[in-house]
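First, one chain by itself in structure tokens, the form predicted on its own.
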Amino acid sequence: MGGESRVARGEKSLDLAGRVRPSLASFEPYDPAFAPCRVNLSANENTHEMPAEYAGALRAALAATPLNRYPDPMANALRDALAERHGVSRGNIVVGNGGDEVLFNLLMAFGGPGRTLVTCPPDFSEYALFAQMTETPHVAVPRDAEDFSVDADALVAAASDAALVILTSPNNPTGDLLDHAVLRRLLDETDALVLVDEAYVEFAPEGTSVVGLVAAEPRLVVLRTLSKAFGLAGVRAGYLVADPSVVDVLGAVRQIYSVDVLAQAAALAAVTHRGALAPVVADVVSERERLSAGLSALPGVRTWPSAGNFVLVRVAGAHRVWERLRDEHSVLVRDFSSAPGLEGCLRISVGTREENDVLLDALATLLREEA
């Protein structure tokens, strides 16, 4: 029996080709190309050791959290702490299972057929992916090929009849910041909801964030996350700061209980003890500048200024370099060399001093051998 085929046994096969929604037929499982390695600088995680006060608060919060009860559906204690952080009210905050969930919910609620999304690639690939999932028409306004700046006139024109615009500051994977004048034009000259994704803003200069504008601009939505500066990528906790009317809609369409009790407890402890993270963030910024300088000094390597916890580089034979870093030096970075607008580019997360030195030494060795 074990050697018989399904057909021989009379079993029916399930043909899903005609059952999957046409807009999703080409989708494949998410694959970030992770691989076991000595140094992983591929996912923009915060690899620094957390201060004892901060780590202790998280452990205590998790240990004190019962698992036999459902979580607060809206994570109200966490919303209150986040509202206090940003000087807004609970009604301005909606929490999700990572920034990805709140991004998806925003497109599900305000996108869809006939409701256009405008983005400025190269940027976070999930924007276009979620647009396709929700059958939202997507218009891309490409960034400048040389410095990745946004064409303000083209963006405003594309957004003139759009439902949504998403911009990122600092932008992933290029590292540049949103010009506040561009945001001002979008808010003044269009009727679109404008999301500014600030997942990496803690690493940017003071004054970068636009979250302080939300109270006066009901069409402005700001995304934040605890995955990066807060070192909680594994927890999956993100949130939006928005007008209460937007929050109410997102609260109505979100998956119930999507932020579990452990995530809420860890996130609340992290936000409450955020002051302890200041030295960690400062060290990441310092290491970013040192890493960038070290990369720029290597022959044939181009870097761009970055306000995030990563550096974008262009190097000849980028995909081969990526493979050799992984296979011969056990160092993993992110390969963007085949992405439109990022030909020949690798994105390197800022690690600890030791991790960054391993990367620099390995890359220097490879470039000498490839020359």
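Counting begins at 1, following the sequence as shown. Because the structure is a prediction, the values reported are computed rather than measured.
There is also a form predicted together with a small molecule; it is not shown, and the following applies to it.
Consider the chain as shown here, without its partner, and state which of Gly175, Gly231, Pro122, Gly98 has a heavy atom within 4.5 Å of the small molecule in the model of the complex.
Residue within 4.5 Å of the partner: Gly98.
Which of these residues, Val201, Leu223, Val214, Leu155, gets a heavy atom within 4.5 Å of the small molecule in the model of the complex? Comparing distances to the small molecule in the model of the complex, the residue within 4.5 Å is Leu223.
Checklist line | Exercise: Gln264 in contact with the small molecule in the model of the complex, heavy atom 4.5 Å | finding: Because no heavy atom of Gln264 falls inside 4.5 Å of the small molecule in the model of the complex, the answer is no.
Subject >> Residue contact check: Asn92 to the small molecule in the model of the complex, 4.5 Å heavy atom >> reply: It does not: once the small molecule is placed as it appears in the model of the complex, Asn92 has no heavy atom within 4.5 Å of it.
- Answer for Ser227 alone: is it within 4.5 Å of the small molecule in the model of the complex, judged on heavy atom distances? Judged by the heavy-atom cut-off of 4.5 Å, Ser227 is in contact with the small molecule in the model of the complex.
* **is_contact(Tyr127, the small molecule) in the model of the complex, heavy atom dist at most 4.5 Å** => Tyr127: contacts the small molecule in the model of the complex.
*Where does the small molecule sit in the model of the complex: which of 106-114, 193-201, 139-147, 248-256, heavy atoms within 4.5 Å?*
Every other range fails; the passing one is 193-201.
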